[in-house]
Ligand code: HEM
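First, one chain by itself: the form predicted on its own, in structure tokens.
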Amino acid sequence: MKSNETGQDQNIEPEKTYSRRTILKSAGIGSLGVIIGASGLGGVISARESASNSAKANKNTIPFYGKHQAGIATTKPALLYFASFDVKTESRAELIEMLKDWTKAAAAMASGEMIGGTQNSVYLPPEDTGEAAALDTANLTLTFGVGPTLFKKNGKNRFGIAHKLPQELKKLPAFSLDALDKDWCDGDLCVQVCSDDAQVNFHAIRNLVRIARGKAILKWSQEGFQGKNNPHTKNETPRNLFGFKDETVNLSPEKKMDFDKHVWVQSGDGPNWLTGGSYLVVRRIQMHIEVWDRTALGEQEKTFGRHRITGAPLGKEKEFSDLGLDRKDEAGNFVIPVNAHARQAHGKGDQPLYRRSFSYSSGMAANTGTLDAGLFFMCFQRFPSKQFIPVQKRLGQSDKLNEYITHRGSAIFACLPGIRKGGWIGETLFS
């Protein structure tokens, strides 16, 4: 068995379920509007797929099984659908049953297969909701995590796993200038769904919600996006909604030693069930775009500490040049102001994070009539207490960018280690 650099298995054959491609081939490729009502799969499947499309689907499929979960070190695609769940059942057996069902569904969807295989009964609802049939897998990944309240809530040991709660998996502290809305915070479980197709993402979340019915409910969710041309065709840093390149200084999945040191939980870090996993911090950051749009370019660049067009540190020409934080101008002032975002985020350079954020736009804020848009910040790390928390404390106190943003949502999850073929989500935690 071989694994790629991100820990995803390469030689694993997808489970023999109902393939989106198989559906079209059996129905006759080339026809328009194939209706498979009698098959029990339900709905109308548009038959646009061709042999070349099949090759594309294989190319755009990321293995579900592996040493680490997909969706962390794998290439960030264009679109995000993040969901947080509250577990309602108090039965350990029911929760495990749901996680096993999620595993089967997630593995099928990541492989471009239909959930539930060849269901033919016209008297039962289809197991797969059908809207992703015939669509490319679009680099779909599903990444699962558990929140601290899954272990213990209101003093109660839930599911008999309170003793397995890691020290690092604690509710995040209150940070300066936070204006959190509880409707955008926390959760017992999380799922990060990423792909290059919004309908593929929606299909994945919809089916997980459907499978969880009676055991868990959706607590909150957020869709996100980044520039389409960035993820696969160019090695460029995406721009945020303020027009600046964001995540220039970031850990690279291509450097395994850095990920082992700063991202993946190692044996001995805490309970071994999380070895090979990672801690995920999410923050829903509203950006006050209308205010920013009235701010002069020079002030914008001083706020970030970078030039807008190139992304280079102030006074330099190339994006990935060293920040040069000691540089001063003729008047003796720091070239990169002391309260610039780049300086404050960098600190002493000893708290590296692996950021994997997306922009979001959720229409209009009804109470202000302004755009409800911003950054859905996500970062993975090995030790939140030594990485994200001290960085955010510093940013909350001194970052000039705070004049233009407000943190509305916050949560922390432990992203489980990778899933072996034949295993299931949460197996290491509940075994």
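No experiment lies behind these values; they were computed from the predicted model shown. Residues carry their position along the shown sequence, with the first being 1.
The next section is about a form of this same protein that is not shown, the form predicted in complex with protoporphyrin IX containing FE (HEM).
Going by heavy atom distances of 4.5 angstroms or less, which of A134, L180, L165, L353 would be at the interface with protoporphyrin IX containing FE (HEM) in the predicted bound form? Only one option qualifies, and that one is L353.
State the residue from L95, L172, L323, A108 whose non-hydrogen atoms include one within 4.5 Å of protoporphyrin IX containing FE (HEM) in the predicted bound form. Of L95, L172, L323, A108, the residue with a heavy atom within 4.5 Å of protoporphyrin IX containing FE (HEM) in the predicted bound form is L323.
If contact means a heavy atom within 4.5 Å, which one of 339 to 347, 137 to 145, 199 to 207, 150 to 158 is the stretch that engages protoporphyrin IX containing FE (HEM) in the predicted bound form? Only one stretch qualifies here: 339 to 347.
Answer for N240 alone: is it within 4.5 Å of protoporphyrin IX containing FE (HEM) in the predicted bound form, judged on heavy atom distances? N240 belongs to the contact set for protoporphyrin IX containing FE (HEM).
Within a 4.5 Å heavy atom cut-off, is Y65 in contact with protoporphyrin IX containing FE (HEM) in the predicted bound form? No, no contact at 4.5 Å.
Answer yes if any heavy atom of D246 is within 4.5 Å of a heavy atom of protoporphyrin IX containing FE (HEM) in the predicted bound form; otherwise answer no. Answer yes; at least one heavy atom of D246 falls within 4.5 Å of protoporphyrin IX containing FE (HEM) in the predicted bound form.
L218 versus protoporphyrin IX containing FE (HEM), in the predicted bound form: is there a non-hydrogen atom within 4.5 Å? Residue-level check for L218: no, no contact with protoporphyrin IX containing FE (HEM).
Can you tell me which residues in 81 to 106 come within 4.5 angstroms of protoporphyrin IX containing FE (HEM) in the predicted bound form, by heavy atoms? Result: empty, none.
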